[in-house]
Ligand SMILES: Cc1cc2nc3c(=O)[nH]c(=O)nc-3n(C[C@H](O)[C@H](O)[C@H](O)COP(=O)(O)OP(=O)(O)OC[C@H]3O[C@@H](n4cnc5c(N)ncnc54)[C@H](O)[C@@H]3O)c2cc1C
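This document starts with one chain, in the form predicted alone, laid out as structure tokens.
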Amino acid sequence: MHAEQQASLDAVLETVHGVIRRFDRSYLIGCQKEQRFPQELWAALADSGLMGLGVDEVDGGMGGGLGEAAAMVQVLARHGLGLLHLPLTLFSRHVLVRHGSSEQRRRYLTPTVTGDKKFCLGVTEPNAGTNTFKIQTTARKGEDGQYRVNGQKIFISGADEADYMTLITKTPGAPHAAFDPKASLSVLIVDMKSKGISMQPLQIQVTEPERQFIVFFEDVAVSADCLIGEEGMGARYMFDTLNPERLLLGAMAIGIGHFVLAKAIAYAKIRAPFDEPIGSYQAVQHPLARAWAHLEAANAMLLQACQRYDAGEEAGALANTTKLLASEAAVEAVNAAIQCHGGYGFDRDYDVITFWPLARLLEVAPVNNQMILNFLSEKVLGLPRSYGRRTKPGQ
């Protein structure tokens, strides 16, 4: 890392620690119990300028790149402040950073820097799963020049708090859309208060302030100037959201892992049912040490992936690898911490088991780790595609 980049990162971390001194884990637990959005923390991040990371100064941001944003997300999570809506807004708006017009950036991007607006991401659908090219939500342009959106999205985190959705949708009118599924995808910025949008909460057992929803679109009018870039180019633009998504959620996973690991280490130093601290037993030490090593390995991959992405280079393989390693390491760390605490590991007051659902979820979402391995096998190793193959009847 160059000296200038390191200085920028150091300044970011100093600012983050200033916020952390004002908020601790008990604050977020209180928000979870009250089922309310942690608005005070959100406002503090905005007031300190941290919501402007990765946004050019001309658009009201602090500059920097995904590396600085990932560092912020990870450090907050390391202190028990894993606010899911933070990476959600950061990666959902990233398509605007790279492909939005100056007017779109002024209208939608700048208000996220001030903390006034939040984003969610609409990609997954009930019948499509990880196959985005199979989505059925459509945006058809009418005679009035507006799009009419119909369809539904599922597992949409923070949809109730979001002001805008970065929507991946089919646009049947796009050039070549009838011949190529990839050429039918487009990206729209949708106002979540638009007429025709409704949502239904999902009973996802993750102890975070944010909830997940099914979002329904029924003839929702969206202005043509809400289209990002060109019609039919959504497949390319989409990955300028999905790669940051994998990296920022990977950063959160690493932070979560280190937080629970620190709790386990502290407990292992004082718990002594046989007079010696259990931390002196290799059976306790080794799982904690192995989890630490895997978290650090994931972090090294995260740093490399962010540097490549910020340099404008192809980062898909590294972004996916980061998400794979980080989610697995987080689960390993939480599992080791639970085992270290014994029965107390399942007591919510010890605040260890509370991290299990989120850590485990990150192995499944935003893309499951099996699909990541499929991607790496095909795109990196050059092996035959192992899924979605067309077979003849009877085969």
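The structure displayed is predicted, hence computed values, not measured ones. Note that residue numbering begins at 1 and tracks the sequence as displayed.
What comes next is about the form predicted together with the ligand, which does not appear here.
Against the ligand in the predicted bound form, the set L66, T89 and L242 makes no contact: no member has a heavy atom within 4.5 Å. For the chain shown alone, P277 is not a contact residue for the ligand in the predicted bound form, no non-hydrogen atom being within 4.5 angstroms. At the 4.5 Å threshold, heavy atoms of V123 reach the ligand in the predicted bound form.
In the predicted bound form, I154 approaches the ligand with a heavy atom inside 4.5 Å. Looking at P366, you'd find a heavy atom of it within 4.5 angstroms of the ligand in the predicted bound form. Only one of I265, A300, I204, A317 lies close to the ligand in the predicted bound form, with a heavy atom inside 4.5 Å, and it is I204. Of the residues given (Q370, S48, Q339, Q39), Q370 alone sits with a heavy atom within 4.5 Å of the ligand in the predicted bound form. Judged by heavy atoms within 4.5 Å of the ligand in the predicted bound form, the contact stretch among the candidates 357 to 365, 29 to 37, 343 to 351, 54 to 62 is 357 to 365.
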